[in-house]
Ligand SMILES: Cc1cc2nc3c(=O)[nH]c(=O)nc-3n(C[C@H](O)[C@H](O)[C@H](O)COP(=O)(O)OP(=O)(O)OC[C@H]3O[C@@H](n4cnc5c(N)ncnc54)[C@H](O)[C@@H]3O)c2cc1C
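Quick heads-up: it's one chain on its own, the form predicted on its own, in structure tokens.
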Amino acid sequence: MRFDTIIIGAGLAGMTAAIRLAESGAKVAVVSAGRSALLFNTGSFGLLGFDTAHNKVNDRAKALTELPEDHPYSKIGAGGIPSLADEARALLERCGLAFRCSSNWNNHDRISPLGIFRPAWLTLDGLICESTLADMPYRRAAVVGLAGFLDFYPRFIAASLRKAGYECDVFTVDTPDLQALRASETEMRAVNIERTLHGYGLIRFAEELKKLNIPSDATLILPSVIDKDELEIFNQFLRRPFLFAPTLGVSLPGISIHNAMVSRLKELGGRIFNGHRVNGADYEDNRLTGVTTDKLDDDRLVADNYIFAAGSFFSHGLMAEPDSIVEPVLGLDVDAPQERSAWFTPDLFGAQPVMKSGVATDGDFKAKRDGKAITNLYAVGSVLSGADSVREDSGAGVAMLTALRVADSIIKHN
């Protein structure tokens, strides 16, 4: 099967590149080995939350210029980041997503599933962050947990809100539907809870909330377990201000983002090979000429260009062997500390050199193999070397901006 561009990986980077190329009229295919890391997204995107000294970024333009030369943002160039960030936001909005956005090129604070305020670039509307809190009519909040739900930490969230100057109480709600869910073999996870909070189940949930002795001047903070299509009904029965906080594990915000991007790509004519693991690649004259998957037998996927967006260790785009870090899919070169003893530092909470490991590329993000850049194969997102995305809180930004940079380059030269 032949396409203009084949993308390996259906996470944020892969889907961003696919949508951008499909919008230009290209024939695009995405090969996805399994569950996307997008499903674990908590509804916020970080562009660059912390600088090289691990201080919160207040001047993002300045912080970008201080990044090392091998950082993906440095390869893009600090001057190109603002326009790509605007392009990324616009792409997500074309997918039907609505966000709270940082103004004046600065971060805002959003709440994490563990109740910690963290810097963010974009946060889905309806989720708790500094601006949504400021829009609420009260300086008082009530964090409501669900009986038996272990992926939500109301007391942690309440503690952070109190530090931010809000009066805050903690409550627990239970309903017959939640009791039945706990009694079954189904786990108490956000997705399973959401399935029970439909129709009369949602009405019963709202009625139980109204029975709690919650102060009338408090904004409710609830776990994100209600489908957005049910919010109008929920609001009609509850009749008081509320916000949602993210949960651990596969989350409803993550599912919403993933589904919105998949729908957009399919709408544009893109194709997704779900559950296909790339198990072979052919090279000729320093070009990738085709890939095979475990589900297509000898039928190769062939394209003019390829984008590798398989993710980092979490998604098995990188693997740690006893003495080396390897890229196991296409056999690409990896930038990583040579000695295992240099992977980590004694400070458990400090920067760990192994986290900057990734596929080696040239300045245009063309992936290297045996020391040479493959002319039609690009790497994007967290599989790239040079960024400690977790420590920097830059994962989403690196994913989307490198994907857009590569997609725009392919469009320009085709």
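The model shown is predicted, which means the values in this text are computed figures rather than measured ones. In case it trips you up, residue 1 is the first one in the sequence shown, and so on.
Beyond the structure shown, there is the form predicted together with the named molecule, which is absent from this document and is the topic of what follows.
K.L.:
Spot the stretch among 162-170, 76-84, 277-285, 147-155 with residues whose non-hydrogen atoms come within 4.5 Å of the named molecule in the model of the complex.
P.N.:
Single hit among the candidates: 277-285.
K.L.:
So, 50, 72 and 386: all three within 4.5 Å of the named molecule in the model of the complex by heavy atoms, or not?
P.N.:
None of them does, since no heavy atom lies within 4.5 Å of the partner.
K.L.:
Even though the partner isn't displayed, in the model of the complex is residue 237 close enough to the named molecule, meaning a heavy atom within 4.5 Å?
P.N.:
No, residue 237 stays farther than 4.5 Å from the named molecule in the model of the complex.
K.L.:
Please determine whether residue 310 contacts the named molecule in the model of the complex, using a 4.5 Å cut-off between heavy atoms.
P.N.:
Because a heavy atom of residue 310 falls inside 4.5 Å of the named molecule in the model of the complex, the answer is yes.
K.L.:
Within 4.5 Å, heavy atoms only: does residue 17 come near the named molecule in the model of the complex?
P.N.:
Looking in the model of the complex, residue contacts with the named molecule do not include residue 17, since no heavy atom lies within 4.5 Å.
K.L.:
Would you check, heavy atoms only and a 4.5 Å threshold, whether residue 10 touches the named molecule in the model of the complex?
P.N.:
Yes.
K.L.:
Could you work out which of 329, 142, 190, 245 is the residue within 4.5 angstroms of the named molecule in the model of the complex, going by heavy atoms?
P.N.:
In short, 329.
K.L.:
What residues in 395-409 sit within 4.5 Å of the named molecule in the model of the complex, counting heavy atoms only?
P.N.:
If the 4.5 Å heavy-atom criterion is applied to the named molecule in the model of the complex, 395-409 yields 395, 396, 399.
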